[in-house]
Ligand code: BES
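What follows is a single chain, given as structure tokens, in the form predicted on its own.
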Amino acid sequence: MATSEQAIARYEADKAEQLEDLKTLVRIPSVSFPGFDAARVRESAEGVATLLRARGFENVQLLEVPGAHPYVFGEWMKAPGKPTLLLYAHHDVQPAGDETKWNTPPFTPTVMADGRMYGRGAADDKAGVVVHTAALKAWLGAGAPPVNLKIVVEGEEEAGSDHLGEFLRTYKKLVQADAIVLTDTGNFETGLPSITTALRGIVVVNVEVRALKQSLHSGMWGGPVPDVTMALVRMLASTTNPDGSIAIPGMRDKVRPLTDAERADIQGLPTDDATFRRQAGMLDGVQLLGGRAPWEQNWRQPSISINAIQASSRKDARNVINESAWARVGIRLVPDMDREEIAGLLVEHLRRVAPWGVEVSVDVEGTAGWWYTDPAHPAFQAGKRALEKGYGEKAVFIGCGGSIPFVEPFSKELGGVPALLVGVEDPYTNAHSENESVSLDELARATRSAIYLYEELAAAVAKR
């Protein structure tokens, strides 16, 4: 029977191949947003399918649901009596953004002297794909993995996973497993292995304010005619207290307090306010908000953000009173906030505080629920052991201030099996921003951890 150490040795011998696999995927601009070329996302799915076959997965196929970019499925089911792990990653990416701010072409994977490879999707989440493929190849090179494996690589995660629920219901029997390993999160610090056990949810609304049939000359009409941009700014400002916390009545009534153990975990992290400020890129003199430790504030407290606002534009700025003003507003949710209730409270508040009789329209763009899991399950302890072997450092449990829409549907549709969220990103990855990159050392450590994880979970997770 093969051992994890034999598989690790096989991986070390083939490590350069993994980097080339990642470069091949990054070269495909698989942006899943509306308005981008859907053919490139399909090309990416086909490229992932080719890679899965080449690295040992069987029954590889593109799985389709109407209106969705293709998913890729594969499996290795030759460990009778052993549990089955469902591996997850996604092959779609964010748009490049402002290409003039990239130091290298966004879809030309480039290894730099800092030990990182730059390119859109290099970390989020094409690195997650090659972690899984390299781990299986390493085990097969040593003999065979000690568990059964299934893999789903999604094609629309960055666009919101709108069809994931339908996908899971359609293919529920095919993807059924005893545990899930979702490789699309990050580590608290480079080289510090981390398992994410809490995610914030999200509610997004679009609010538009109108008062005129057309824009007016601000000198000829300014004064008696309400300025809709000013009205919108007053409305948005009313949503927060001076410390930045949400001021909307009823919004914080159901926030779950931290347990003593959770607070101790956060306080024990190797960080401080200065590190948080540096990683966030905060300017000198700008205050931290909330009155709590920044990571507690980020992971377990709700927040509100104005993602975009528009009345006119800097390019077209004129001396006018604009006829309309618009903003996109997002609220991050934590346990035990109900997303439908929060959406209703936000819409109601914006309508109620609108001044001067302006016309207000608010529509809910989308919602995603928060997710929380208890790390006491043996699968999480197995995950910690595997990460500690792969990284050579003590692993930590962390939260995530962001929302990952696929986690809640996966956990729900597969009957609540344990879901381990791990990944390759670090605080310097710049996921979704310009100059996205992955640390090649982190990629190797994550892959070694995946190899150990199969062995640890084989013993810790019972076959259902």
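Fair warning: this is a prediction, and the values are worked out from it, not measured in the lab. Throughout, we count residues from 1 along the sequence that is shown. Think of the rigid core as the biggest set of C-alphas that the two forms share within 1.5 Å after superposition.
One more form of this protein exists, namely the form predicted together with the named molecule; it is left out here, but the text below deals with it.
Engineer: With the partner removed from view, which of 131-139, 95-103, 67-75, 185-193 is the stretch that lies within 4.5 Å of the named molecule in the predicted bound form, judged by heavy atom distances?
Structural biologist: Selected range: 185-193.
Engineer: If we define contact as a non-hydrogen atom of the residue within 4.5 angstroms of the partner, is residue 160 a contact of the named molecule in the predicted bound form?
Structural biologist: Yes, residue 160 sits close enough to the named molecule in the predicted bound form that at least one of its heavy atoms falls within 4.5 Å.
Engineer: Is residue 402 close to the named molecule in the predicted bound form, meaning a heavy atom pair under 4.5 Å apart or at it?
Structural biologist: It does: once the named molecule is placed as it appears in the predicted bound form, residue 402 has a heavy atom within 4.5 Å of it.
Engineer: Can you work out whether residue 432 and the named molecule are in contact in the predicted bound form, taking contact to mean some heavy atom pair no more than 4.5 Å apart?
Structural biologist: Within the cut-off, so yes.
Engineer: Taking the shortest heavy atom distance, is residue 126 within 4.5 Å of the named molecule in the predicted bound form?
Structural biologist: No, residue 126 sits far enough from the named molecule in the predicted bound form that none of its heavy atoms falls within 4.5 Å.
Engineer: Just one of 300, 332, 349, 150 has a heavy atom within 4.5 angstroms of the named molecule in the predicted bound form, so which one?
Structural biologist: It is 332.
Engineer: Please pick, from 202, 207, 117, 235, the one residue with any non-hydrogen atom lying within 4.5 angstroms of the named molecule in the predicted bound form.
Structural biologist: Selected residue: 202.
Engineer: Taking the named molecule as it sits in the predicted bound form, which residues of 80-107 have a non-hydrogen atom within 4.5 Å of it? Please list them.
Structural biologist: Residue within 4.5 Å: 90, and no other.
Engineer: Spell out whether the Cα of residue 388 moves at least 2 Å between the shown form and the other one when the two forms are superposed on their rigid core.
Structural biologist: No, the C-alpha position differs by under 2 Å between the shown form and the other one.
Engineer: Superposing on the rigid core, I want to see if residue 103 changes position between the shown form and the other one - specifically a Cα shift of 2 Å or more.
Structural biologist: No, because once the rigid core is superposed, the C-alpha of residue 103 moves less than 2 Å between the shown form and the other one.
Engineer: Is residue 189 displaced by at least 2 Å at its C-alpha between the shown form and the other one when the rigid core is overlaid?
Structural biologist: False for residue 189: its C-alpha shift is below 2 Å.
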